[in-house]
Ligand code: HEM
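Presented as structure tokens, the chain that follows is alone, the form predicted alone.
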């Protein structure tokens, strides 16, 4: 709210918090994000019991302030049993800024970057090749049977929703013959981040995963190998290891949250290339190294994850408001990514923009080229551990798809676009389906 506004001006720029629950917002939240940035950069949402921040610099400031903003819902010294209500069980996301969070993060953080990540790249290539072989074989069979004169694939169900879960399950060293089960669990866990029956089914999926994992974890504790489960159960920090419950929670988080964000990142990239910027897609097909720009601009323009949450640890003054201690604060990352104060023409998807840092993300959010980075992976203490793997998977998968499909193009001239899940269902923003046609030699 701007100081000195008249009652009529305040009414004109008012925001009804129920707008966040509408189908229109799930389809296209960006007009509301702009109104928040322009008129309510700190928005008191009494309906949902929270405050909301939407400007880029304000969100960066919160990421860098772990003294006054905490990620945890509960205090570590309190009576709440961590993981009790989470569909993932006890996991790194629940422990906030404290010592337990830092300890769990430091045990596993180096498994997803550098040389350790390079060792897992063959799994990414292998799974991509296997899924593409199925797509190519199906296209050849359809043409031979006279069903079609070109290849086609529904990219979401036949590739993106399969690919990252199968990759991470192989990295974890889980049996390949159970991959279809892992995909089912992953989908139920993600939906279970919502409420009602989705949540109940997510808890059931969590319990099924735990029962499945327990003997595997115990076996790897006794006889570790080179797989990721073995690395997690044997990793030590100051002589301590994770307990079995924490390992199960971490593996469930990897299967679900890591899989879903990468799944939808690939789908969002291809949607924008096919429907938003086919002119730039021509250049990407001529130079596959540009997929890194496609990924980065997607993470700015239309990221999979739009929000993160924090709680205040003390009273905080901001924009003439005072946030009470322990207030929930929603950081609208996707709103900050379209802040006109930072990015020129922010509502245009442009893989050649000169005001966005392209390439590998840095935890500090400060880049030598002086350009701003997207907010999609967060910054600071809670910077996404899987950022490098997500980028590698999305770029490798998109490159291999582009190599395998000659002249890829939309099957249908119009598309409903990227949308959020239903109000009760957990998950992230992506196209529900994406039909692609391609030539078969």
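Residue numbers count along the first chain shown, from 1. Note that the coordinates shown come from a computational prediction; the quantities given were computed from them, not determined experimentally.
There is also a form predicted in complex with protoporphyrin IX containing FE (HEM); it is not shown, and the following applies to it.
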- Query: So, 291, 392 and 436: all three within 4.5 Å of protoporphyrin IX containing FE (HEM) in the model of the complex by heavy atoms, or not?
  - Reply: no
- Note on the structure: Heavy atom within 4.5 Å of protoporphyrin IX containing FE (HEM) in the model of the complex, from candidates 169, 268, 262, 337, belongs to 262
- Item | Selected contact from 204, 360, 326, 105, since only one has a non-hydrogen atom within 4.5 angstroms of protoporphyrin IX containing FE (HEM) in the model of the complex | 105
- Query: Can you check whether residue 189 is within 4.5 Å of protoporphyrin IX containing FE (HEM) in the model of the complex, heavy atom basis?
  - Reply: no
- Is there a heavy atom of residue 151 no more than 4.5 Å from a heavy atom of protoporphyrin IX containing FE (HEM) in the model of the complex? no
- Task: Find out whether any non-hydrogen atom of residue 162 is located within 4.5 angstroms of protoporphyrin IX containing FE (HEM) in the model of the complex, and reply yes or no.
- Result: no
- Message: Can you tell me whether residue 220 touches protoporphyrin IX containing FE (HEM)? I mean in the model of the complex, with a 4.5 angstroms heavy atom cut-off.
- Response: no
- Item | Region of this chain that lies against protoporphyrin IX containing FE (HEM) in the model of the complex, out of 134 to 142, 277 to 285, 348 to 356, 251 to 259 [heavy atom, 4.5 Å] | 251 to 259
- Item | Stretch 27 to 66 - residues with a heavy atom within 4.5 Å of protoporphyrin IX containing FE (HEM) in the model of the complex | 63
